[in-house]
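Only one chain is given next, in structure tokens, and it is the form predicted alone.
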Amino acid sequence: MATSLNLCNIAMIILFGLFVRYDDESDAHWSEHKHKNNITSDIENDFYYRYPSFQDVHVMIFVGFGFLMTFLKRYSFGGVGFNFLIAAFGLQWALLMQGWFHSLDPNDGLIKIGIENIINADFCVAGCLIAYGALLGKVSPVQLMVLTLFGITLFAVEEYIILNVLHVRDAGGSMVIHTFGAYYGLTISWILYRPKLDHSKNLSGSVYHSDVFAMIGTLFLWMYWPSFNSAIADHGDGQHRAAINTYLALAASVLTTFAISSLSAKKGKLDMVHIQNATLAGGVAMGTAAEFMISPYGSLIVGFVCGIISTFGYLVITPFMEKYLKIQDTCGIHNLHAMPGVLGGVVGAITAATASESVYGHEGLVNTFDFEGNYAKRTPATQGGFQAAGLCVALAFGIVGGAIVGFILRLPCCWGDPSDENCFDDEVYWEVGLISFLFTYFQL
């Protein structure tokens, strides 16, 4: 693994040296740019507008996703540690891949990066971290690096097709991030199916303190999700509305999850798996329609429905998928990201298709859906059709891309992946010492 990481570092240094430069707002020539464009104050630099959102998204990627994966009794180091590794690698590769598609300066052929680029890089990484959730505890660090390398590449291509070619609106990434990332990971998990995984069954569950650590991740994700969905939304009312809609959908999904979890148990007790995951589903589903005039009660409806389908997924669909479809989904990403992501895409398509000037106003309709330039004559109904097409693209890239990468990871190479008996165990890749002794002999 050390050799692979050193090669990655060297490759990134070379590629960044050849292709990446600061954009106008982060370059030392900012003062000249201000004079040229009649900008009177440094406060108009995009940094001051976007950086608070970047901080929130960054915390979600490294703390939220990382700690959410610490629920396994013997795989907390791997959950948060490998999340750290692939996120740090992925954001570098994402800056390059997204830069070549979105930020390439036609004058000199260089990638110009600023604050919005690093937000988008974190978004790109989120898709791979979602995929990691399906494979948690069953793959090696080298396999995770390969998954991330191809996942970022596929993400950049599908993102370009959906956002630029089809001109789809997906500010919070229900389709581009969650649907793609979930089906990418689920397909790889299907290809890498382990028929003897029950040999590690005693390690695939949680204990009291591991679930508490995972709730830290849940709470960070839940609190910052309004920033995630609004981070790259349009200045002004679009971003404001995205934060409100997400906030309400998340609140509704919490109430519904608690209710359904309690109803599903014989004695009315709550299941921590549901509370850690399904409570976040409203934020996933609100990603596409976050900027739209879905109305406050509409946001609550989305959160309500997500709480139901996500909790139901953990109760019924995950066991069904493992038994009959041979998909071993460690974190239940199908319930938290796949189904809510698809629902979010559908909600976005319907909301776009039914948009009208009476609700948005003419200028508001143009600004929300960016009906300008080549898209000036596009109608809301047509936009709804393209929104639906974007969902299909995300699904296709996730499934087909996952199948290709899955077969690559099945090749008889020196991947160093754990045996069936050693899955979900930190001791395979980490120095654990006394902690391992305590877990083994006292089952803490």
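Don't overthink the numbering: it's just position in the shown sequence, from 1. Remember, predicted model here, so these are calculated numbers, not experimental data.
One more form of this protein should be noted, the form predicted in complex with another copy of the chain, which is absent from this view; the next part is about it.
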_Under a 4.5 Å heavy atom criterion, is residue 89 part of the interface with another copy of the chain in the predicted bound form?_
yes
*Hey, in the predicted bound form, is residue 52 touching another copy of the chain, heavy atoms inside 4.5 Å?*
yes
*Using heavy atoms and a 4.5 Å limit, would one call residue 397 a contact residue for another copy of the chain in the predicted bound form?*
no
_Can you tell me whether residue 295 touches another copy of the chain? I mean in the predicted bound form, with a 4.5 angstroms heavy atom cut-off._
yes
_Candidate site 25, 30 and 41: all three near another copy of the chain in the predicted bound form by heavy atom within 4.5 Å_ = yes
*Can you pick the one in 169, 74, 334, 138 that has a heavy atom within 4.5 Å of another copy of the chain in the predicted bound form?*
74
*From the list 359, 316, 325, 165, which entry has a heavy atom within 4.5 Å of another copy of the chain in the predicted bound form?*
359
_So if I measure heavy atom distances to another copy of the chain in the predicted bound form, which of the stretches 286-294, 169-177, 187-195, 342-350 falls within 4.5 Å?_
286-294
*Residue by residue through 3-20, tell me which have a non-hydrogen atom within 4.5 angstroms of another copy of the chain in the predicted bound form.*
5, 6, 8, 9, 10, 12, 13, 16, 17, 20
